[in-house]
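To begin, one chain is listed below as structure tokens, in the form predicted alone.
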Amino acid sequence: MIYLDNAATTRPDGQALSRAAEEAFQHYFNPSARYGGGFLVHRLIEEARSRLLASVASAENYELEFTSGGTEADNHAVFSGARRGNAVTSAGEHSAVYESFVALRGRGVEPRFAPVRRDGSVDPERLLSLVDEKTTFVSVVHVNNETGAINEIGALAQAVKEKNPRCVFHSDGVQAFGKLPGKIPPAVDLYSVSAHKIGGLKGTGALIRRKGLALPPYLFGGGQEGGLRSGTENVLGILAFSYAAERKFGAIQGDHVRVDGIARRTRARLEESGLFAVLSPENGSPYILTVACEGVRGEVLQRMLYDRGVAVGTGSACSSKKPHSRIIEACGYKKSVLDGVLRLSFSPETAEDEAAEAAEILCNTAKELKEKLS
């Protein structure tokens, strides 16, 4: 099977998982236990926290709270950060942010949605036009999970704070973490990440928070995670996350260059076939390549491809029950394009010959399906 749905989830990193499993099996104590074993496990968690935080931020300026995944991290940011006035986001957000904003109305906060451009990136001027003296919270995704468009969150956060210094700025960094080189820009207050997008285990994520930012707890109970997120820690998931991130960030520059080459060659082959329109921007994340085969159903093509040994997505796996992509629709595409959307997403483990073979299978399958329908 040629797997090109890495934006949905990745294969667990075997080395990271083995290392974490060995430690978790040997040191299985509750991290809150007040004896030697508990203290030891607590120390392992703190070491993992330090490793993860150091990969994208300074411990002098930021702290990291473990969560059950990117969705919980996004929910904590939105519901604890937007508590009055109005809150601003884009129409191109992942559902974990978008649906949380929709729910804000029931909590007495006015949600405002800025339009996105054709490539899925937010329109900065339109976003800023929605920010006023009553805006308490702004959230803009770092890498659009369906098109791969990159939002310049540092510049956006700075512009928002120049207009309203009291605003809290959050970014969903799930599709950027471990893939785009660089640190979290200093004007960003909150940043969400997820383990299973970089070779960690499902059910683990984190919310990175600027020090000094007041953030109410999200889960109440025993007071773990500095009182922000109660519940016995997922030790295996946390350790695997940190070890997977350690390996990813150790090779992030070289991986970015190699994956960029694979994405560009795949893009060129699909474009030259005349069967596909490429929706992803050329300057976006190389890890995501979204195309549309107009006149066919993307899910039909997806199933045919899987039967022929190629796994691709049709958009965000978190919104797979929708008839078509809310995000791609927000980009302004007509229904015939929306119906035929496919998302190819790569990882550092994607082989060049695999991607080339997948592109040929994709072109041949689309041609065959179109001929059947004509």
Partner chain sequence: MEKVVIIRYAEIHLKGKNRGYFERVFAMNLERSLKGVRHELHRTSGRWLVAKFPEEQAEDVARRVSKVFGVHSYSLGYETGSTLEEIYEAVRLVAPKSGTFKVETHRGYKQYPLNSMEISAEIGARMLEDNPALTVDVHTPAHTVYVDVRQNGVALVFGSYGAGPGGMPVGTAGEGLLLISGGIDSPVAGYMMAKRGLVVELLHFHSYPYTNEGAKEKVVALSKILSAYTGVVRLTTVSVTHIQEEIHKKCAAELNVTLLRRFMFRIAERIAKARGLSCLVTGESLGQVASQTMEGLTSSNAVVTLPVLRPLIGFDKEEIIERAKKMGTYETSILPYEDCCTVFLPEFPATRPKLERIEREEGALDVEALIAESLATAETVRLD
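As the structure is a prediction and not an experimental result, all values here were calculated from the model. Positions refer to the first chain, counted from 1.
The protein also exists as the form predicted together with the partner chain; that form is not presented, and the subsequent description refers to it.
Please state whether every one of the three residues R84, Q158 and E162 places a non-hydrogen atom within 4.5 angstroms of the partner chain in the model of the complex. No residue of the spot touches the partner chain in the model of the complex.
Give a yes or no for D307: in the model of the complex, does one of its heavy atoms lie within 4.5 Å of a heavy atom belonging to the partner chain? Yes, D307 lies within 4.5 Å of the partner chain in the model of the complex.
Taking the partner chain as it sits in the model of the complex, is A8 in contact with it (heavy atom to heavy atom, 4.5 Å or less)? Result no; A8 lies far from the partner chain in the model of the complex.
Although the partner chain is absent from this view, report whether M1 comes within 4.5 Å of it in the model of the complex, heavy atoms only. No, M1 stays farther than 4.5 Å from the partner chain in the model of the complex.
With a 4.5 Å heavy atom cut-off, would you call A103 a contact of the partner chain in the model of the complex? Output for A103 is no: heavy atoms all beyond 4.5 Å of the partner chain.
Just one of R303, K183, H256, R265 has a heavy atom within 4.5 angstroms of the partner chain in the model of the complex, so which one? Of the listed residues, the single hit is R303.
Looking at R297, R107, K202, R269, which has any heavy atom no more than 4.5 Å from the partner chain in the model of the complex? It is R297.
What residues of 52 to 73, in sequence order, lie within 4.5 Å of the partner chain in the model of the complex by heavy atom? Heavy-atom contacts to the partner chain in the model of the complex: nothing from 52 to 73.
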